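Encoded as structure tokens, the following chain is the form predicted on its own, with no partner shown.
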């Protein structure tokens, strides 16, 4: 793979007489890709059926003639006012019953079939015009699904769609009543039309009801994406991509990705540092305020590489201060380059910066670009050019399957959001902390979906907090020769979100008899190192199983049968790292305890060593300057 760099550009924001100069400067910077069009519906079709393609034709030609490959976005994230006037009930409704009005972006409900058809029609018209254009090489569908909490909508369209979805799933109200346990609180229904949306109830609604609604809502995102792809395929043979977001679990990205060739995501390390709460607290955020969390970007590169079945991009890379964080500092010099190279080391074929030039108007005018709004190069442009020059000499970068993998499941994220049983229980955070512990041991990690049927030639697989085992996953485990670590909370429910009978998970000899959620200031010290936090399970051990790690009070923390292990608690990173190091060595893996803020990533026959610290760091005999990286050769 020869990695490339790109940029997001909005020709409609600038006078046409600067487009050619912009394109020339992009090429001089070392960029080869440019994304356009994803917010331009109103400029392309100001009134229904009245198109103005000429400006976009010209922009594509100028960019392409300069040597740039175009990613063309479909503009369904910003439907113009005439579309809203045509479909006044297309607007989403929030959980409190308030309509989410026109006036910014993403003002639509995924369940509205009229708008879905309108968006697909517009996407098809764009593909008809540009599908064979030699400069348009990739299509992006919509922009940042779920952004601004827009997956769930409590509209009339969603209610009707949900009722139909339930009828197809359960076939009879009696079957739904059994699955949901509607005998509880006299909630039995006689007709699917009686089922309302699970909001504005006096107290919490039935968790199975909410889980089905989240599942339905996810399916609407999948269907919305598929409708556009289907309308476009007949006119183009180019690859399709969507730009997902960080910390986003409200829909199943794996299912959306089935209709796309590439997964991308929008990487904003400093913005997400403030949005994502970790156990380290404010001191940690202050230390990494200009660099970002050392594991956050890598986590998403690895996750979206799995969503893209091995193919991933970064569609928007933070170039400087953003406008939407709680605080918006300037990145430490060197970090834009480091973030970009780290993405490439994790498999990104393209790293695209958002945006080319800072806009002096509207909502994102405080968001930096590669250029300032006065057209002067910003620090990010300097670092992008430096990286482009380095990539010319780096040659091909190959990637191989990591020997460690984590099972990631969006349905489990929904389940534990619905029924956390403790304010600290967060599926994403639990998975992230296990991932961090593996990274602190110098291990590279893949993600795999819960319906995987094969773990391949990996040596260690983690299955944290998976709500229910699938038949496919059971097969993968049975066929796997390596070490499997499940828990906590793995296999605790059936597919209808009911407690298993007999009690689960019946993995590594563990049967969970009681669970306890822990306050943030309560820790259960382990005998070896670290603590149990947030969540603890009392278990019964089956014959032939053994407990191999305990709290200082003697409660089992880790059980074992052969190569299978079960964790009965959420641990802090110190405890995870201690246990994972032992089990990784049992699996035949070499570990290297990484210094604070320093991380290692395998990439074929090379390794990337990154230093997220704002000071010099050392790894073995290797010295790393602040906010820098080194490529190590000769990995076997």
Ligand code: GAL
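In this text, all values refer to a predicted model and were calculated from it rather than measured experimentally. Positions refer to the first chain, counted from 1.
Keep in mind that the form predicted in complex with the ligand is missing from the display, and what follows is about it.
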Partner-facing stretch of 522-530, 164-172, 380-388, 140-148, counted where any non-hydrogen atom is within 4.5 angstroms of the ligand in the predicted complex | 140-148
State the residue from 266, 342, 302, 409 whose non-hydrogen atoms include one within 4.5 Å of the ligand in the predicted complex.
-> 266
Out of 550, 324, 284, 82, which one falls within 4.5 Å of the ligand in the predicted complex, going by heavy atoms?
-> 324
Heavy atom to heavy atom, is residue 243 within 4.5 Å of the ligand in the predicted complex?
-> yes
Interface membership of residue 337, the ligand in the predicted complex, 4.5 Å heavy atom rule = no
Non-hydrogen atom contact residue 364 with the ligand in the predicted complex at 4.5 angstroms = yes
May I ask you to check whether residue 39 falls inside a 4.5 Å heavy atom distance of the ligand in the predicted complex?
-> yes
Contacts from 290-317 to the ligand in the predicted complex (any heavy atom within 4.5 Å), listed N to C, are 316
